[in-house]
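Here you get one chain, nothing else, as structure tokens; it is the form predicted alone.
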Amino acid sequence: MTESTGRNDVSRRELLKGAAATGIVAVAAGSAIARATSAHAASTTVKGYGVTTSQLKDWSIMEKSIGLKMEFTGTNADIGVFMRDVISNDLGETHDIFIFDGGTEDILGPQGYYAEVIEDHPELNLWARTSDNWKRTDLLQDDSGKQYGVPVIGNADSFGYFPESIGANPNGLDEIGWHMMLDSDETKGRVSLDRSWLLSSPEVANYLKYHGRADIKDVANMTGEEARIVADFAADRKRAGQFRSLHAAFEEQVQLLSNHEIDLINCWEPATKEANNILGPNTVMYAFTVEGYYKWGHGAYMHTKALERDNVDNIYRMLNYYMTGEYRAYQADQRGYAGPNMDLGIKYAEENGWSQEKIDNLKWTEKKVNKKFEKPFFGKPAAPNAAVMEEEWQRFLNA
């Protein structure tokens, strides 16, 4: 499976303006999603829509273990596109669950598109043993504390780098400062920055805040003045030649790394894994950082219209699957992401005869995420101030 274009620019201004005024958005033209002409009957097939990083590369594994089939329609990680499809194109008529970055529940839950999680549903048998650190977060609950999402995967994003290019320990355990990405003559012209305000603006803000160079209360939800300071700094670094390129897609991340066109790139961790598949193990490292990380988590959300179908139990069985050891083991092995119940993933690998190397990698994934979680986090895909942050970041792009 090929990754879709990654978590790209979030254009939600017009969407939220219309949603606030009417509660719904007019049907958008040109949807790529075919609409079903009849309601679901009882079925062992669960239909999902969302980001491709949540998928198993082979869903037949799940079919063998719990007897369900997954029909998944992938999209990129543009929150505006995602919510337009859920609202304007009424995908609740054709799809059961939606998987996306946490934050959409703040809008789609109260507006009636997401159903609250029935926590004591018999098929959701792993809910009680799942850590509150994963399930009771503001990435899965709305501001009132209503639970709309089941945790799927999550990570603390930073940047990929070539240790020898920046004089770092080749074991990848050094904590690298964000100045190497943003503000270093040593790496000038050898850096690629994600062009998305969502993935880059908070990272720049956190760097400035951490080092006392800007007074920013919430780097993930900046005021206009705070966002202006961040954009001005980034624009100055751009004019100074710090950034060799600005990238937008997962495939670009892999290409830039595998061709060694750059020394550092703020990217998804799977991009470093794909590059190492080409260049050799441990050629590229994914950074532990001094200042902190961009935090994100994918939630699985059940559409309210799915409650009217005869396969609700199977939908909940699917939601539960995201918290199982089988899903955790394959997801971590294939993409390097963590999630709830990592201990069950390790146990699954051990009981199913996985190689010691794979088991050790799962254990490392658990330790790696725990290490990252010791640092500050930031990330709000549906931040209230998203529009002004996006506007200010556009000045950086135009600089």
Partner chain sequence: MSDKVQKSLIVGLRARYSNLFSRDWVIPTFIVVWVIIVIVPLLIMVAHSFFEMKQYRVVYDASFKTWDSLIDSGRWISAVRTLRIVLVMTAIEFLVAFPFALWLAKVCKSKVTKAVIITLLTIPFFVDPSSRTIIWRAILGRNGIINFVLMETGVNNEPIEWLLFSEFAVHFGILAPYFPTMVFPIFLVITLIDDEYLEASRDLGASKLQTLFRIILPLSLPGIVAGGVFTMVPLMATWVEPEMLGGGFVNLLGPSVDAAMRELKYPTAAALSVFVIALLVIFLAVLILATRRLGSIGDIFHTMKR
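Residue numbers count along the first chain shown, from 1. Just so you know, these numbers come straight off a predicted model, no measurement behind them.
Absent from the display: the form predicted in complex with the partner chain. The rest refers to it.
The candidate site formed by R129, K209 and G325 is entirely out of contact with the partner chain in the predicted complex, as no residue has a non-hydrogen atom within 4.5 angstroms of it. Site annotation in the predicted complex: the residue of D138, E261, D236, E186 reaching within 4.5 Å of the partner chain with a heavy atom is E261. Here is the short version: of P163, G177, G80, P270, the single residue with a heavy atom within 4.5 Å of the partner chain in the predicted complex is G80. Taking the partner from elsewhere, P384 is found to have a heavy atom lying within 4.5 Å of the partner chain in the predicted complex. Taking the partner from elsewhere, R244 is found to have a heavy atom lying within 4.5 Å of the partner chain in the predicted complex. Under a 4.5 angstroms non-hydrogen atom cutoff, the partner chain in the predicted complex has R195 among its neighbouring residues.
In the predicted complex, A227 stays away from the partner chain, with no heavy atom inside 4.5 Å. Stretch 84-92 is the answer when you ask which of 84-92, 307-315, 209-217, 287-295 has residues with heavy atoms within 4.5 Å of the partner chain in the predicted complex. Residues are counted as partner-facing when one of their heavy atoms sits within 4.5 Å of the partner chain in the predicted complex; in 104-137 these are I107, Q111, Y113, in sequence order.
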